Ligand code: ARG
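Take a look at this single chain, the form predicted on its own, given in structure tokens.
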């Protein structure tokens, strides 16, 4: 399908965390193999390339310091969900990441957010993606279904539950990306997703709500291609997701390939390293 209107880049504000203490010393997702050596310096260089690409294209990047002993803190998307100046904090499924919770909450408080401390297990933008005025909410491996109700009550937004069924795609942001962060009046939000990552009911919901979505193939899903970030024109994406990049160009988007292969050893890519700040 060809693009029907020119795509427009919108300035975004992101929270990132330099991976100074990155390593894989435990396994909480199928991508993590502690027996595979990791190169922290290489992870930092790749992360810096993403950071610099955002800045060069006009986006604001704020930083939170990574604490020793919390190697997954680089994946800031899991650190909360922000909208209208509200920061709904994280409550991690695994004890290995629980130490991040207070650090993210403290950062939000220090930067003027109205913080909502969660009672339910959730992993922030890993499982909550804003599509227009609606929050798409993932469950199945990390965030609980009860957190869907909690974030709806906290934000006053419609929440659409989606169930993930492939453990390799354990967060929603590994299987679905929102390509239009700002939707003009009358426009439809464009998303891309990996159909095989979802159960039948969720695929039906996505097909009904987003009939013009980009459906991404298995090879690009395996390349973590859906773990992408978009400003409405530029899509920051894995260079290995070549088919997805071609689909994006057909729709008028401009792929910006960013190699985060070292950070993928921890189960994270572009979006995992990017928490959007909506004040």
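These figures come from a predicted structure and were not determined experimentally. Numbering follows the first chain given and starts at 1.
Absent from the display: the form predicted together with ligand ARG. The rest refers to it.
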Counting only non-hydrogen atoms and a 4.5 angstroms cut-off, does residue 81 reach ligand ARG in the predicted bound form? no
- Message: Taking ligand ARG as it sits in the predicted bound form, is residue 29 near enough to touch it, meaning that at least one heavy atom pair lies within 4.5 angstroms?
- Response: yes
message: When the contact criterion is heavy atoms within 4.5 Å, does residue 176 count as touching ligand ARG in the predicted bound form?
response: no
*Though only this chain appears here, would residue 275 touch ligand ARG in the predicted bound form if you measure heavy atom gaps against 4.5 Å?*
no
Only hit among 97, 157, 203, 148 for heavy atom within 4.5 Å of ligand ARG in the predicted bound form is 97
request  = Check, residue by residue, if 75, 227 and 267 all come within 4.5 Å of ligand ARG in the predicted bound form, counting heavy atoms only.
outcome  = yes
Of the candidate stretches 148-156, 193-201, 108-116, 164-172, the one with residues having heavy atoms within 4.5 Å of ligand ARG in the predicted bound form is 164-172
